[in-house]
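We begin with a single chain expressed as C-alpha cells, specifically the form predicted alone.
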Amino acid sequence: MPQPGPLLGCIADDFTGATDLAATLVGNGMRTVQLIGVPDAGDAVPDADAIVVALKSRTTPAAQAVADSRAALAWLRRAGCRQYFFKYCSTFDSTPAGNIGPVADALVSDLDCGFALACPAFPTNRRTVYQGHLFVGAVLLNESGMEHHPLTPMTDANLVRVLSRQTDGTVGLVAFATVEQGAAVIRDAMTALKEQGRRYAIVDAVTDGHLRAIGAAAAAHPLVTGGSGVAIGLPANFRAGGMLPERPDSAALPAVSGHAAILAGSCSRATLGQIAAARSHLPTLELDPLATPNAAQLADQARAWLDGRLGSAPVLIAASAPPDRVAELQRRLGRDAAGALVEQALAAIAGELAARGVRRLVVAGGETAGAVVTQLGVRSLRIGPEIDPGVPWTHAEGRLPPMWLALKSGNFGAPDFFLKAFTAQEDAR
C-alpha cells in the first residue's frame, strides 16, 4: 500500500528553478506542491507526494544560503520525507564562493550521508554533461552567453573544477563510458568514489535515458543534487517500492478567469528573443532602467501605460536588456543595487496588475519571480501542466482571488513562449 505523507523533500535555490523541478516531478506522476520560503514550524504539511521549498538563495551571501537551506531541510525532515533533493540551475549558476558547494556541504553534514552526486544535465533544454564539462547546446557553458551573466558569470565549463573551488571536500567524476553501462555500474562507481573519500561525484549525462539510470542508481541515496533533469529517475524508485501509486491527474489545477500579463526581468538570450518574438503581437512596454534608475518611477510609467490596455490579449512589460546595457547599469549603481532596482519595479507592477484584475501571470527570471511572489503574498503553489519543458502553470493556493502563475527561468522556453503560454493555459482549464 502507498505510504502516507510526502516522499521527496526538495530545496531549490530560486523560485523558477523550483517550478522547473516541480514540473519534472508532476510529469513523472508525483503530486507536487511548491512552498515559497522556509515554512514556519507550525505550518501544515501539504497533501502531496513531493514538496519543493523554493528559496532565494542562489545569489545571497553563502552563510545566509546555508542557513536557509538547513532550515528548509529540518522542516522537510519533520514532515517525514524519505529522500532529499537540492536543486540548482542546469547552468550550475554560482561563483567561486558558492553557493552550490557550501549549501551541499551543509546538507551532506546534516544528513550525515558523506556523499552526494551532482548532475545539472537537462537534455530536453539542451544542457548536457560530458567528461565533466557542461554544454549548452553544442557549445561549452563558458561560450554560451552565461559568461556574461550579471550575477553569476560562468567562465569555466569543467564542473569538477568549479565545484572543487566551492567545497573543502573532494570531487570525483562518473564519466560517460560508465554511465552508458546503466544503473548498476553507475551505483558501483559512486560507491567506489565515496569509499575513496570523495564527497561529490559529477555524473555525466547526455540523454534522458542516462538521467533515469542515474536516478535508479541513487535510489538509496539520502541526498541527490542537480538540475531538475536528474529528478526524472526518482519517482520510479518510489513506485517500485510500492510507495507511489499511478497518478494520471497529477497536473490538474482549479480554473481561474481574469486578465493576463507577462513580466520579464531576465536578461538572458532566451528571454530577449521571446520579447522580440512577442513585440509585434502583444501590447508591449519596455522599461529602461538605465534611463530611469528609479524603481518607483519605472512602476509609475507602467501604471500610466496600463490604462485601457488590459483586455482580451495579454500585455507584456519588460525591464530586460542586452549585456552591454546591464553592464553599464551595474557600473553606475553597483551590481546588487542594479538588480534590486529591476526587482523592486517589477514587484510593484505585479501588485498593480493583480489589483487591476490580472489572474494569469507569466514571470520571466528567477530573481524577478522571487520578488513578484513575495509582493503578491504567495506562500504555496500547486504545480500544473507544462507550457514548455521546465515551465509549468501553477495555482497560488490559499490566495484570494485565485491566480495562476508561470515562473520561467530566464534561459528556458521556446522563442514563441510568451505567445503560446496562454493558449496552453486555456487548453489546461
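Given the structure is predicted, the values throughout are model-derived calculations rather than measurements. The numbering used is simple: start at 1 and walk along the sequence shown. In this text, the rigid core denotes the largest set of C-alpha atoms whose superposition between the two forms falls within 1.5 Å.
What comes next is about the form predicted together with a small molecule, which does not appear here.
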Do residue 93 and the small molecule share at least one heavy atom pair within 4.5 Å in the predicted bound form?
-> no
Close approach of residue 365 to the small molecule in the predicted bound form, 4.5 Å, heavy atom = yes
The small molecule contact in the predicted bound form: residue 410, any heavy atom under 4.5 Å = yes
Contact of residue 123 with the small molecule in the predicted bound form (heavy atom, 4.5 Å) | no
Taking the small molecule in the predicted bound form as the reference, which of 321, 260, 216, 302 has a non-hydrogen atom within 4.5 Å?
-> 321
Name the single residue among 72, 159, 317, 267 that comes within 4.5 Å of the small molecule in the predicted bound form, judging by heavy atoms.
-> 267
Picking from 367-375, 22-30, 398-406, 383-391, which part of the chain touches the small molecule in the predicted bound form when contact means heavy atoms within 4.5 Å?
-> 367-375
For residue 343, state whether the C-alpha moves by 2 Å or more between the shown form and the other one after rigid core superposition.
-> yes
Using the core for the fit, does the CA position of residue 231 change by 2 Å or more between the shown form and the other one?
-> no
Post core alignment: residue 21 C-alpha displaced by 2 Å or more between the shown form and the other one = no
